[in-house]
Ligand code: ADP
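Only one chain is included here, represented as structure tokens and corresponding to the form predicted alone.
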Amino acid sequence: MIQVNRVSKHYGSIKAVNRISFEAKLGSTTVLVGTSGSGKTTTLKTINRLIEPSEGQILIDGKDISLQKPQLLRRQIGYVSQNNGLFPHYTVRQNVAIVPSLIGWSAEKTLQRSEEILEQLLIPMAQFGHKFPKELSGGQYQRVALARALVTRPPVLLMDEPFGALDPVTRQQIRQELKSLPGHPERSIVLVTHDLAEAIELGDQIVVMDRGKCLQQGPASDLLFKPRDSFIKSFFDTQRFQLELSAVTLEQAIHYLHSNQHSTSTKIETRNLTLWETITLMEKENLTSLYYQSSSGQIFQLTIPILLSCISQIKAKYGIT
């Protein structure tokens, strides 16, 4: 777990980060969003000591990182950014093997784990291991950068706009691959992004920043339906329709639905999808309705108008217009 306690970073009279506090729990993803220049990246880089804070304390698994040597600390932290380039004169295999070699892994263990993580990220070693970064597409390049960060199974993963340069389709594919990777329950992730849909999709907790300060933090549903002030509300307004649908799961929405019992031969959707994912599925499959079985065993008939009505009822409950 990562604990950021009242961390500040001053450059002269400028407070780039001003007393930021949050916890990134094991098995969760914390996303930092905010206005341009709000201190998101500066905050992220204090966690691996690429930037030293002016004040405050950061703990990883209860240990104060200021008492550790930066080089040793960083070997325990995966780091991926849009501009965190691969070494151009190293092959894919050599790039992924850098950190394992630094911490003393055997060649056999390094190769086995490199093959495993590259396979999981759809960059099989047999096909890509000999290639150089310039021979990769943008999506392949970013997958290799992610593999390099994850190969040693670090307990902390920091990501700074890692998918920003990718086209929307590739970006969505890699986000799905990241979510499906094994080992997430043993890892704390902190992600910086300007993409609010990405923040909602990946974040268990979202921290909204402005002018170096944390304005509100919590799950996406709290930020959207229980904003602390007008700034938080307006921050999400440009994409509000999609974001609200993406922040609410079917399991959360059933409180606003009526149970409809049907025979066991009826199609029942049992995955805990968001409303946005459910509507996308229905449109893709050209379904007028489907059936969802809740964790309590109740069965609900869903149509797109019914799903949209859930959002209206949630907003009415919290007085959001």
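From 1 onward, residues are counted along the sequence shown. Note that this is a predicted model, so its numbers are computed, not measured.
The same protein has a further form, the form predicted in complex with the named molecule, not shown here; the description that follows concerns it.
The shortest heavy atom separation between residue 48 and the named molecule in the predicted complex exceeds 4.5 Å.
Taking the partner from elsewhere, residue 272 is found to have every heavy atom lying beyond 4.5 Å of the named molecule in the predicted complex. The closest heavy atom approach of residue 39 to the named molecule in the predicted complex falls within 4.5 Å.
In the predicted complex, at least one heavy atom of residue 35 sits within 4.5 Å of a heavy atom of the named molecule. Here the chain stands alone, but in the predicted complex its contact with the named molecule, taken as any heavy atom within 4.5 Å, falls in 39-47 among 249-257, 39-47, 62-70, 284-292. Taking the named molecule as it sits in the predicted complex, the stretch 1-33 comes within 4.5 angstroms of it through a non-hydrogen atom at 11, 14, 16.
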